[in-house]
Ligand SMILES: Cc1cc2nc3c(=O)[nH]c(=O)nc-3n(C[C@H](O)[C@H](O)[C@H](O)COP(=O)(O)OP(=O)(O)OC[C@H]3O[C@@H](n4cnc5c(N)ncnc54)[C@H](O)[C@@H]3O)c2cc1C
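The chain below stands alone, shown as structure tokens; this is the form predicted on its own.
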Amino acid sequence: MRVESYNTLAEAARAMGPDAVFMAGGTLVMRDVNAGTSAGRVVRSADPALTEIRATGDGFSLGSGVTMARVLAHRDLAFLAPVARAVGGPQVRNMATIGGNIFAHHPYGDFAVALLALGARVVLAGQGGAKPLDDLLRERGRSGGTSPIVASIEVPRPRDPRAFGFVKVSRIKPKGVSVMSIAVNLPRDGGRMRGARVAFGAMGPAPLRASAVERVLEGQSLDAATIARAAQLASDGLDPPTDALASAWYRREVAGTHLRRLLEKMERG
């Protein structure tokens, strides 16, 4: 095992290759290192940009090395606090980063589900510009996790905090891993939903959007009839796995129930 540390993200990006893994907080990489299943090289960076939190015109730019604990401590990121709080216990949250969470395979990666629902964009080290998180997660699902280094994540601020909701479904409270997670962002215009985004974790190879549900919600008011139709289509087009936590059949059966409960909670405000 070889550990390489670089002062800048650009240097770290140039050092990456098929035999390397980038380590930020290390909550998952070090587990693989200890198990002897990690890549041959571990690449790190001390670039201060990794831990920056900056307000932008419509939201925030978060360095990929920002931890869950820092999200919880930042008053302007209160809309993300319930999501960060759902990640492990205090010790894990002190180390786990939002960039690492994007590449965490199920049963981890719940924060990435929330970022997907919010329409986040990612800036890749050495590439410039931002790309939709949707695209990166889709590529991750096809490639099995191989990816460039994420430098930062651009997160839009919900115009109305009540329009964003998140739930982590687990068998053990409060720190159990997730059977599935759901995040919903429902901007309203004149009482009707515009630009609805619904994301699931553990319902495919990576966090993904529930397009059928989004179509049902779009342009509608959030009422009992709309919620019932959305719940019926919760697993439509999704391909949940069978693993030690739950079967694919079980996930399909309960997805609608948990989505309905989340939407009803949001309806009540």
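Numbering starts at 1 and follows the sequence shown. Just so we're clear, the structure is a prediction, and the values are computed from it rather than from any experiment.
There is another form of the same protein, the form predicted together with the ligand; it is not shown, and what comes next is about it.
- Taking the partner from the other structure, the ligand in the predicted bound form has a heavy atom within 4.5 Å of a heavy atom of Met68.
- The shortest heavy atom separation between Leu116 and the ligand in the predicted bound form exceeds 4.5 Å.
- Although the partner is absent here, Pro82 is not a contact residue: none of its heavy atoms lies within 4.5 angstroms of the ligand in the predicted bound form.
- Not displayed here, the ligand is kept clear of Ala246 by more than 4.5 Å at the level of heavy atoms in the predicted bound form.
- Although the ligand is omitted here, in the predicted bound form none of Phe164, Met193 and Thr226 has a heavy atom within 4.5 Å of it.
- Comparing 155-163, 72-80, 94-102, 184-192 against the ligand in the predicted bound form, the single stretch with non-hydrogen atoms within 4.5 angstroms of it is 94-102.
- With the partner omitted here, the residue from Arg54, Arg41, Arg215, Arg31 that has a non-hydrogen atom within 4.5 angstroms of the ligand in the predicted bound form is Arg31.
- In terms of contact with the ligand in the predicted bound form, the residue from Leu133, Met180, Val198, Val150 that brings a heavy atom within 4.5 Å is Val150.
- Residues Val21, Phe22, Met23, Ala24, Gly25, Gly26, Thr27, Leu28, Val29, Arg31 of 3-33 are found to place at least one heavy atom within 4.5 Å of the ligand in the predicted bound form.
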